[in-house]
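A single chain, nothing else alongside it, follows as structure tokens in the form predicted alone.
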């Protein structure tokens, strides 16, 4: 924290930057910004500023040199990698007020939105135009487009549709000197705004500049959707079903898997849906023209049965489909209720290594006395092991961090990578040398050095070397 005299100067400067926005400095106000969705790592900012519009945000950035403290940009704070937190103190710039949907062009299949728009807010607005925006992280009711672009978020339906970077046509960003730049636009990298530097920005986790608005690609809303839920007695049969679905002409949009520990957790809660507690649960979905997907329903059900499913349930009715998704959707919230702390990783692995990596998770966690629960995007190898623990108990946090290190080492050894959608933040920054050698790391650090030479923006994130020095 800053000395009291410096805090007064900081607050005065920020209040001069925002006439309609808000500046938060009391301990009670700042407490809500100590962590993101990761939870157990806490960093108290010196102040939080909530600009009312882009002009106020520009003034905050223009004052950065005078302020002489780190700046961290934050949306809803639902991220799971320790990204939008004040790891070196300083200011959190909360962009929640920038939440306008500026334009929807159904004929051009694009929309223009501000960074604080939530996924569900955007989806509701797009429905009346019969189009949709495919990325769908589980925190859709509250997570913002700005945060999704910053971490290149994915979601359950990224098996077919891909992650956020597939849908960003252009973006507007404010750099550290307060200058406003637009990279791309409705035409992507063509036309007046032809510079395609947006690729540097997507997934940059707040280290290059402040996002203000985006031009996003949208798709025709599918005419028909079928959702399937099946249970399996073991991982071998569940894996067989996954490989069968991946290779099938029905081309599912989602293939999700819950392990028996996760199923038991749901079934032993008020959210129970009637699943056998000793089973793996697989959820898959197909969509498209009604005649086409209707013709493929039985073949998908047959893949699940032939793999060894104990029961296969499916529906094309919206309410029933929601019930089929229920077990998967409530899993994350239940873990937060059942455990004082939990860490969820999102390593990406080749599907051939699924059984090996799951066994590694179970072996390491059980040996350490840490509860491990798995629920993940099985179709694209996006593994989500959840480790439940209590950071107040001596040694538990260290055990979890050691398990994470061993897991990530093996992930890289089998040809995987550290993150599929959550980002690196400060949770996985220590593992970056597993992927990048010294020469490649220097190249990686050269990019933020162009935009943010002293690492004043979101220091100690992505690479541990990124420390702000006033």
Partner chain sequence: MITGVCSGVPETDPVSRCFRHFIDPIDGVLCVSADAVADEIATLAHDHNLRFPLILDSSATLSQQVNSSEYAPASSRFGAFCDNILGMNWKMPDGRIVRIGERVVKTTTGYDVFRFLLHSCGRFGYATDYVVRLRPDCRHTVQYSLSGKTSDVCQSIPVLLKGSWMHWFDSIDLLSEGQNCRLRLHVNCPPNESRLFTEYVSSFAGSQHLQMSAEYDRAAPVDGCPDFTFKTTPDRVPSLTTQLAQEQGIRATGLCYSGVVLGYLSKPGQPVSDGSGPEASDCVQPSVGIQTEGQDFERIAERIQTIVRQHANELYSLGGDWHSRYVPPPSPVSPESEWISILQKEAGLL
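The structure displayed is predicted, hence computed values, not measured ones. Positions refer to the first chain, counted from 1.
There is another form of the same protein, the form predicted together with the partner chain; it is not shown, and what comes next is about it.
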* **Which of 70-78, 263-271, 313-321, 148-156 sits within 4.5 Å of the partner chain in the model of the complex, heavy atom basis** => 148-156
* Structure fact -> Contact with the partner chain in the model of the complex, heavy atom within 4.5 Å, among 233, 220, 336, 276 goes to 220
* Asked: Within 4.5 Å of the partner chain in the model of the complex, heavy atoms considered, which of 407, 424, 30, 61?
  -> 424
* To do: Flag this candidate site as yes only if 166, 355 and 463 all have a heavy atom within 4.5 Å of the partner chain in the model of the complex; otherwise mark no.
  => yes
* **Contact label in the model of the complex: residue 349 to the partner chain, heavy atom within 4.5 Å** => yes
* Evaluate residue 35 for contact with the partner chain in the model of the complex, applying a 4.5 angstroms cut-off between non-hydrogen atoms, and reply yes or no. => no
* Asked: Closest heavy atom of residue 213 to the partner chain in the model of the complex, within 4.5 Å or not?
  -> no
* is_contact(residue 142, the partner chain) in the model of the complex, heavy atom dist at most 4.5 Å -> no
* **Within 4.5 Å of the partner chain in the model of the complex: residues from 440-456 (heavy atom criterion)** => 440, 442, 443, 444, 446, 447, 448, 449, 450, 451
